[in-house]
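Before any questions on binding or motion, here is one chain by itself as structure tokens, the form predicted on its own.
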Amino acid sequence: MAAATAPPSTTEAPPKSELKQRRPRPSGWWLPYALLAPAIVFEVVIHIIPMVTGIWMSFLKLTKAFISNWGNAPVIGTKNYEVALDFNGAVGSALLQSFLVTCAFTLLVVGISWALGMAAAVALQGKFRGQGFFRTLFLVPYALPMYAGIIAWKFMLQKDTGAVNHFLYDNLHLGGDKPFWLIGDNSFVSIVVVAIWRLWPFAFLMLMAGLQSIPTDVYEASAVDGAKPFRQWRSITLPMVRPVNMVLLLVMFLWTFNDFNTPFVLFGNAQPPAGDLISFHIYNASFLTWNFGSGAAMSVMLLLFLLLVSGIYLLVLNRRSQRA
């Protein structure tokens, strides 16, 4: 005799949507949002609102005539952008020269700072007596307050009383007259040297941290196979610190291209053309001529340029990572 089967259940399971609606929220679900709220508020107040205000200002004829009442400044559309991009005019040609100076400055500072940081990190990777002392010594420029360090360089670069000319011409007895380091074409050399002195310890610190993650067994095995130090650096060190370099180079590029403090402290408001970095140029275009609309337009174009370069850089690196 066949076993009796149970009648099918007439009740259907509730749909998944109803189960999700009925599921009670866990206790403390609001805590992550509460912790993020202060950061979001500060981000909006400190970055988003000023950025939106700057974009709005770039479409206004905001000169000293309307500085007391911004709401009465007339809207001129893209006129400020057209003037800034007219390289045959005085404003556009000065902006283009400042942009080219900043590009050369950024390439030299980022390239040399990275090379110095990598060399120092590799040299201090092995264990030897005095390793901690040299690590601390190399980080002094990075730990020193920014303005204090740049002001010290400004005194050292003076023509008659500066330590640089005293060392080169009084001690080493180089021929010729003592040069002016803070005016003329020499100002570019001065600002590059000061920026490298400030930036390369950061590259050293980041690369030294990245090298700590490389197992020593890899170097020992390659040494047994006959690999020389340069081959180890090219085949082991560089590939394994590639993730660090990806972030490091981008951060150094953004910091250097936006550098304002170095030229401001070294040169004051009377910057020489050879040391006219674009952030400092935009500051002078805004606060010396009192044309805040034009300065805001230049700032917006600088923001778009940096976003474009950063996006292309990350896109190229991501494609290379996928191919590898």
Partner chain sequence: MKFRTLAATAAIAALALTTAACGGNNNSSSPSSAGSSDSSGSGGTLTYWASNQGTSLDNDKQVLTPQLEKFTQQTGIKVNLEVIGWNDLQTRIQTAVTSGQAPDVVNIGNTWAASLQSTGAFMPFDDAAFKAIGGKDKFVKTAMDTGGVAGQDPTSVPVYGLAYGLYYNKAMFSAAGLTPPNNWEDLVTDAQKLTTGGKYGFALAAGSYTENAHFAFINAAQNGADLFDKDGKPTFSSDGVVNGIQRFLDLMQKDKVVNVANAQYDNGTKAVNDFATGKVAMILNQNNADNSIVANGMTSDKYGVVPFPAPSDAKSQVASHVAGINLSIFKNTKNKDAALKFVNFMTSAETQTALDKPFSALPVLNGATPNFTDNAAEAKTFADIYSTKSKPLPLVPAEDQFESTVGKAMNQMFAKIASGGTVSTDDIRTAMKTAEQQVAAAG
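Computed from a predicted model, the values in this text were never measured in an experiment. Numbering follows the first chain given and starts at 1.
Below, we turn to the form predicted in complex with the partner chain, even though it does not appear here.
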Legend entry - Whether 158, 206 and 292 all lie within 4.5 angstroms of the partner chain in the model of the complex by heavy atom: yes
Legend entry - residue 213: touches the partner chain in the model of the complex, heavy atom cutoff 4.5 angstroms: yes
Inset, instruction - Indicate whether the partner chain has at least one heavy atom within 4.5 Å of a heavy atom of residue 100 in the model of the complex. - result: no
Inset, instruction - Using a 4.5 Å heavy atom cut-off, state whether residue 53 contacts the partner chain in the model of the complex. - result: no
Inset, instruction - Please run the contact check for residue 150 against the partner chain in the model of the complex: heavy atoms, 4.5 angstroms, yes or no? - result: no
Inset, instruction - Report the residue, out of 34, 67, 49, 39, that has at least one non-hydrogen atom within 4.5 angstroms of the partner chain in the model of the complex. - result: 67
Inset, instruction - Tell me, out of 254, 227, 146, 246, which residue has a non-hydrogen atom within 4.5 angstroms of the partner chain in the model of the complex. - result: 146
Legend entry - Residue stretch of 265-273, 295-303, 39-47, 26-34 approaching the partner chain in the model of the complex, non-hydrogen atom distance within 4.5 Å: 265-273
Inset, instruction - Sequence order please: the residues of 152-187 with a heavy atom within 4.5 Å of the partner chain in the model of the complex. - result: 154, 158, 159, 160, 180, 182, 183, 184
